[in-house]
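Shown here is one chain on its own, the form predicted alone, set out as structure tokens.
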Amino acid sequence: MGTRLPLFPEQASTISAEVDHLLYFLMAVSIFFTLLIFGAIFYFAIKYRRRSEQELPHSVHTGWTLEIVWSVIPFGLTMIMFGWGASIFFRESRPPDNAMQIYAVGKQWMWKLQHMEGQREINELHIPINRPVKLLMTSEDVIHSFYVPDFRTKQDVVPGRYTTTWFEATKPGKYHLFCAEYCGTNHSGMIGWVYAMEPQKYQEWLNGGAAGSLSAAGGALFEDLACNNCHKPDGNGRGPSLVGVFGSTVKLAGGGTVRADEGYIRESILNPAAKVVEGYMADMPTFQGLITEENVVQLIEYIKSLGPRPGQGQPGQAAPAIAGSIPSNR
């Protein structure tokens, strides 16, 4: 139905049909009860109308059965709606472990996207079909919203933090990309296209780019910013080693811990004093305003590429952290 009616976008992702079926159910329930209620209003208004000025209405007392029926049935329907909607929400909010990752940055008034292999796109996104795609998104200025109607996916993009969404395209094609959150005078012009391609054609497109990987660009930037002067791999620098930090649990000054994910690394680069690591002083300089969001993404991917040192253990265990530079006990 969604693919035949022009009022409905094409069903082009694995989640599209489920979202549409929930919508059809909500519409059917709404239409049914709208007709039922208005029909009852007109029927009773005519049947029990006052036929003369002297006629007095009679009090009618109904049993508990009717009260229970018209309370239980709507309650049951709302629970079905809630459970159905919640199952779709939880599925959409948890990207599969095997999803390929792409970074998206919203900016007045464009979408900037970076593939892990280094390819950059503006207002265009090339993806393979039949493979989950995870978008890690942030904004350089105001709130935007990444919206692809044919995929039934919409996620706000918030400045100062990362949000995620994912989808799996099922049909090759060219699909509209919109910003669904008013973001300024040229909001209506913040549009683009998503190109869903056969895996082989996508790989050919991917191989056609001359750019190096994000982690390689991040490594070069890491040296250009002289980060390697303090964060030495052997841990003998002024700052802690970043080898194996991603995915680890970091102990913070004053108690508490934090997982070293993309959000933590980004915050530690732009606002290193926000979460001071246990045993270190908050004297790492901020790079806020000195590097772009694309540069932050490159640094994050470089740090993620620094796997655990031999004998260090697996991600999830305590490891050196980013924020802070000089240990307080030295």
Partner chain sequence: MNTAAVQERTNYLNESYGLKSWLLTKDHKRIAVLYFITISVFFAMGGVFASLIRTELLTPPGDLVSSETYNKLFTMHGVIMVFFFLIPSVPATMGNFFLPIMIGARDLAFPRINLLSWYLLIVGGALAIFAMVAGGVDTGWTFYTPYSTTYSNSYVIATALGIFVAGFSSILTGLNFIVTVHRMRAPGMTWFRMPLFVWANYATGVIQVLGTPVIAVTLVLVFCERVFHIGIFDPALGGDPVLFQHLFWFYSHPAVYIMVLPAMGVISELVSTFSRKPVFGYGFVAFSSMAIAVIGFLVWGHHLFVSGQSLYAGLVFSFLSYFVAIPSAIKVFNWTATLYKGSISYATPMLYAFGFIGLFTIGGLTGLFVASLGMDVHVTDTYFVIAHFHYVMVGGTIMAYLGGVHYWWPKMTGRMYPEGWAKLSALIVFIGFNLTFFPQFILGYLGMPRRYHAYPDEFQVLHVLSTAGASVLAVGYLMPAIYLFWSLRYGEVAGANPWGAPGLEWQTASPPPTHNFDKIPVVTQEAYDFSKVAGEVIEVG
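Positions refer to the first chain, counted from 1. Note that this is a predicted model, so its numbers are computed, not measured.
There is another form of the same protein, the form predicted in complex with its partner chain; it is not shown, and what comes next is about it.
**Report entry** Contact of Y195 with its partner chain in the predicted complex (heavy atom, 4.5 Å)
**Finding:** No, Y195 sits far enough from its partner chain in the predicted complex that none of its heavy atoms falls within 4.5 Å.
Query raised in the report: Is there a non-hydrogen atom of S215 within 4.5 angstroms of a non-hydrogen atom of its partner chain in the predicted complex?
Result: No, no contact at 4.5 Å.
Query - Interface membership of E223, its partner chain in the predicted complex, 4.5 Å heavy atom rule - result: No.
Requested in this report: State yes or no: in the predicted complex, is some non-hydrogen atom of C179 no more than 4.5 angstroms from a non-hydrogen atom of its partner chain?
Outcome: Although its partner chain is absent here, C179 would touch it in the predicted complex, with heavy atoms inside 4.5 Å.
Requested in this report: Counting non-hydrogen atoms within 4.5 angstroms of its partner chain in the predicted complex, say which of Q108, T249, T170, N228 makes the cut.
Outcome: Looking at the other structure, the residue within range turns out to be Q108.
Query raised in the report: Which one, A99, V258, I143, M116, lies within 4.5 Å of its partner chain in the predicted complex by heavy atoms?
Result: The option sitting close enough to the partner is I143.
Report task. Select, from the options 241-249, 196-204, 128-136, 182-190, the stretch whose residues sit within 4.5 angstroms of its partner chain in the predicted complex by heavy atom distance. Result -> Checking each option against the 4.5 Å cut-off leaves 182-190.
Query raised in the report: So which bits of 127-158 sit within 4.5 Å of its partner chain in the predicted complex, heavy atoms only?
Result: Heavy-atom contacts to its partner chain in the predicted complex: E140, D141, V142, I143, Y147, P149, R152, T153, K154, Q155, D156, V158.
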